[in-house]
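Quick setup: one chain, the form predicted on its own, written in structure tokens, and binding and motion questions come after.
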């Protein structure tokens, strides 16, 4: 049995809005790229896990890729869909049952905010009637409390988004590729105080596929395998304040992000201080700030200084969201968590172009967070 799983092929369909191209077609595009990158055929893939929120059943991709009869298992876990698919594939390979598999995530969300029924989450209709099903309100409430507790200013929110748009401009697969100044971001229409229009991500479209192999056979497919050292998923604890979990306790409790990150680092046998770059959930600017500390990458309250000094940019001490994150890429739910892994593989291979982290990075970390309080984290290395 293998204790190592490697990513040996990666593929992406550009994120954003692609009129006339279905979400499934975007997933198939990414899958073909990943197969070509690994130098294999679809008929070589022994199993697939795939996820989508709004673009149909992922297993319908076999109509595009080929009717080989191999198992294709659909995964649906909100924003953690990609992480769940990856964890499932890793477990299948570590069992020794398979040598080669694929994970794929894609989506094509309609314009506008996500339209979720409170009843589907076990919440009364009152929650939607108060407007709290519009998630911008939750994120604003959470960051207001955090900023007050840790002395973080409004300018730091703008600095995060400024970095995101600057890196998106360097990413050929990003949706938003126009750099914006911090002042333009601050002057944009206020959505929910203190978050302006350009501090938020938007639902979008895109597809990602990864080909994975057992560590012992990885070099059959690539000379630059990236090893998936750990992949962990956690849900919320009693009393943690999470999106669509509309209550909290007077004290601040740890949530799924802290739990999943700690488990990922423990399983990988390294600590946050050993990470060379990270992709963390940035549904809005405040989320990136909070998740920096919740994942253990820095201390609570340290973020403002790190961001002001440029330490979270590619040439800084702690590069974060080097592809522009979801602020620049948008959020197609089925693909988001896998997009983070795709970018980390690009960076560890040294293939990220103008946004490449210097010094030949060796380790990467990814983190995705979503409703109703779930988180998936990975540690990768070359």
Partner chain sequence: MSERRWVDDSLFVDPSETTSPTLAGARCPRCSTTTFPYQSGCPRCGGDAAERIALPTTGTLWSFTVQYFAPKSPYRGFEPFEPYGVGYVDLGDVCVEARLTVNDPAALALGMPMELVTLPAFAEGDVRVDTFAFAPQEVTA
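Here the structure is a predicted model, which is why all the values come from computation and not from measurement. Residue numbers count along the first chain shown, from 1.
Just so it is clear, the following notes concern the form predicted in complex with its partner chain, a form of the same protein that is not shown.
Student: Ok, 224, 91, 115, 254: which has a heavy atom sitting within 4.5 Å of its partner chain in the predicted bound form?
Tutor: Going through each option in turn, the one that passes is 115.
Student: If the cut-off is 4.5 angstroms on heavy atoms, which of these, 177, 76, 145, 219, is the one near its partner chain in the predicted bound form?
Tutor: After the contact test, the surviving option is 145.
Student: When the contact criterion is heavy atoms within 4.5 Å, does residue 120 count as touching its partner chain in the predicted bound form?
Tutor: Heavy-atom contact with its partner chain at 4.5 Å: absent for residue 120.
Student: Using a 4.5 Å heavy atom cut-off, state whether residue 125 contacts its partner chain in the predicted bound form.
Tutor: Taking the distances in the predicted bound form, the answer for residue 125 is yes, it comes within 4.5 Å of its partner chain.
Student: Would residue 298 count as touching its partner chain in the predicted bound form under a 4.5 Å heavy atom rule?
Tutor: Result no; residue 298 lies far from its partner chain in the predicted bound form.
Student: Using the partner position in the predicted bound form, report whether residue 246 sits within 4.5 Å of its partner chain, counting heavy atoms only.
Tutor: The answer is yes: residue 246 has a heavy atom within 4.5 Å of its partner chain.
Student: Out of the stretches listed (290 to 298, 166 to 174, 186 to 194, 254 to 262), which one is close to its partner chain in the predicted bound form, meaning heavy atoms within 4.5 Å?
Tutor: One stretch meets the cut-off, namely 186 to 194.
Student: Though the partner is not shown here, which residues of 122 to 141 have a heavy atom within 4.5 Å of its partner chain in the predicted bound form?
Tutor: Heavy-atom contacts to its partner chain in the predicted bound form: 125, 126, 127, 128, 129, 130, 131, 132, 134, 136, 137, 140, 141.
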